[in-house]
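Here's a solo chain for you in structure tokens, the form predicted alone.
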Amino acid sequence: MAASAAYTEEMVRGLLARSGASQRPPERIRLIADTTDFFGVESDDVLVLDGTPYLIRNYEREGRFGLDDEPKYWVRRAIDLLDGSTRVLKFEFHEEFETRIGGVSIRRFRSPRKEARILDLVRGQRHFMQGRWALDGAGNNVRILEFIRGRRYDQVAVAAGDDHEDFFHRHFPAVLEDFVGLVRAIKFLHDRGEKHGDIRRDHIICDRDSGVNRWIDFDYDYVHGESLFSFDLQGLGNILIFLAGRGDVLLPELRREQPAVHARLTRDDLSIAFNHRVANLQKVFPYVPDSLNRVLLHFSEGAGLFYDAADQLLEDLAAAQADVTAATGRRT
């Protein structure tokens, strides 16, 4: 018997009334168990997974890289009709493409099974989103995720301070401490042979309830011929450059607002991943300590050495933290 057959429309209407999930009960309730055609899953449908009925709500939306408000049709907000909690359901969706960083090709692809595996692995780990997975009636792997109330970490982390110097001396030590905690969380994955797969600053949510920064979105995987974890580490480097710069330090803005600084920069000073961003921040902000700047330069066009493991990055960050504390006089 299909899982959805365990419920009738009358039963679901009773659950809806008790949960308060919908102030305006739908005229028609469609019970579904197959998400293969996720474009056909509509708001007010009820999807039954592992015996739990979920009332389907709106699409989630993409928030970066010029894709603001682009709907993610395979990711839906939902209400658990047994306990009334909000969930995020990720339906099985596959895509594959190639990314190039510093002339190196990286094959990237979505893997619902990999995300499901990591959800099992990080259960109870506070720096990661929590959830579980279930197979729908057609065998598709649906991830059932806790909805995290909060703001994007990048929007929170660099908001303080009157200008960069004020931010760096008064607030950056605490930001760096938080970042080190996020790197340790990624090390937890790497130590167990897993990758995050899509490390971006908008893939960290500052949990409003707990105040903890939490990684989200684990369904991307990648194949990098030279190093198992280097793409993850590059993502961490991009975030660190953003944090230390109190935002992206962009060439066009420097050319317009600080032409003398712009004239001192060379190609080697730029981010290897985004060549319109400055990685050698000491050339823009001279008070950035050498030890921190050396970490940033590992992610620049001029890098002669790259990190192969989170341990190496954490070791250098420890030295940078000590120097940042000495330079600012502030402890976290």
Partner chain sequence: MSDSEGAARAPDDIRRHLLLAVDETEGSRRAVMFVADFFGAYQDLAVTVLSIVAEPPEDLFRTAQARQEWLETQRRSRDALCAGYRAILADGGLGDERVRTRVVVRRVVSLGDAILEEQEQLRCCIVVVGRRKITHHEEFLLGSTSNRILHRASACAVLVVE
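Residue numbers count along the first chain shown, from 1. Computed from a prediction, not measured in an experiment: that's the story for all the values here.
Another form, the form predicted in complex with its partner chain, is not on view; read the next lines as being about it.
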Go through 126, 208, 256, 107 and name the one with a heavy atom inside 4.5 Å of its partner chain in the predicted bound form. 107
Which one of 262, 164, 117, 200 is close to its partner chain in the predicted bound form, taking close to mean a heavy atom within 4.5 Å? 117
At 4.5 Å by heavy atoms, is each residue in 45, 51 and 133 next to its partner chain in the predicted bound form? no
Is there a heavy atom of residue 151 lying 4.5 Å or less from a heavy atom of its partner chain in the predicted bound form? no
Please determine whether residue 242 contacts its partner chain in the predicted bound form, using a 4.5 Å cut-off between heavy atoms. no
Contact with its partner chain in the predicted bound form for residue 101, defined as at least one heavy atom pair within 4.5 Å: yes or no? yes
Please tell me whether any heavy atom belonging to residue 113 falls inside 4.5 Å of a heavy atom of its partner chain, as the geometry stands in the predicted bound form. yes
Sort through 242-250, 92-100, 74-82, 179-187 and report the only stretch with a non-hydrogen atom within 4.5 Å of its partner chain in the predicted bound form. 92-100
Just to make sure I understand: among 188-208, which residues lie within 4.5 Å of its partner chain in the predicted bound form, judging by heavy atoms? 193, 195
